[in-house]
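This text opens with one protein chain seen in two forms, each one given by itself as structure tokens under the names structure 1 and structure 2.
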Structure 1
Amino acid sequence: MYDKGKIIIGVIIFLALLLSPFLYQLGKPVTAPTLVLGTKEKQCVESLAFMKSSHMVLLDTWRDEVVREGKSLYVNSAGKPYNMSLQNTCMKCHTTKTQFCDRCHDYLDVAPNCWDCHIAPKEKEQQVARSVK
């Protein structure tokens, strides 16, 4: 006795799962999200590459230093001082959370815990939405 039917169904399910990323995208090229920087500033706190890979570490250090040690000044690798504040420093340039932070985070399914405490600066769309309500 072979049970071929059952085995073939099993194999097909397994292979379909394997192929699901291919089938889902169906050969359409996916473009990475474009970020709205929201500023003309050429230089962020640290280098672009560092910010891209390690901004969460920087923010985490800032939080700890501000909250636990009461410091407020950060001097970057080039010697330039910054006020350690998500809302007053970062968000001053990157004003739109939805079009800057969220685009990448949603794309890569990252759930940062910044907004557990911080309130994101109001954006135009949000204001509109609220006034309608």
Structure 2
Amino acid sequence: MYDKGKIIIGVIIFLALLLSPFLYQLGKPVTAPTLVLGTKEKQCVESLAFMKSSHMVLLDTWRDEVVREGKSLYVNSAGKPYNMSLQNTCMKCHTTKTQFCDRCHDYLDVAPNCWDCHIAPKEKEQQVARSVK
């Protein structure tokens, strides 16, 4: 009973130390990751805004159409045809999975199941080393 003040001070110090990382970051914006594109292509399958918001919908649609309906050609909103293939279309430009796909997915804390069926691309050591510096 005589140490009541010391206990309260100890609990306050403990809580302050426990919460300090959260309080330190309070109000600071989290910056979006910088993505590394493995090619000089300027146009993706669809517009940048569409791909940022709906690329998984597009990939799921492609998967269903290729596997269930046997279709393999996608015509985008501009009328340009593309082969519906994650590895042969998307990964032709987005060659560095760790520097492109993983950065966004880690930032958003999502775990897509693309690589459960598809083989992840082998990345060149030079590309990864150059991008990290």
Partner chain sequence: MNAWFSVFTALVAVIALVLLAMLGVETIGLKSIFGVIIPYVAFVIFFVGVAYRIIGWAKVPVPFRIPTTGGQGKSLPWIKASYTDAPWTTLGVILRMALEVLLFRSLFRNTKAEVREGPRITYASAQWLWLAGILFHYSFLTIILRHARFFFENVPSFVEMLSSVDGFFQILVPTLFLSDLAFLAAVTYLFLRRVVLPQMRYISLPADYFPLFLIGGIGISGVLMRQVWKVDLLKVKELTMGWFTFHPVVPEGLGTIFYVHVFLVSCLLAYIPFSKIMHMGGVFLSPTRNLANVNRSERYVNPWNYPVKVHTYDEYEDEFREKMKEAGIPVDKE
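Numbering runs along the sequence of structure 1, starting at 1. If you superpose the two forms and keep the largest set of C-alpha atoms that fall within 1.5 Å, you have the rigid core. Computed from a prediction, not measured in an experiment: that's the story for all the values here.
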Structure that is the form predicted alone (1 or 2): 2
Rigid core fit then Leu15 CA moved by 2 Å or more between structures 1 and 2: yes
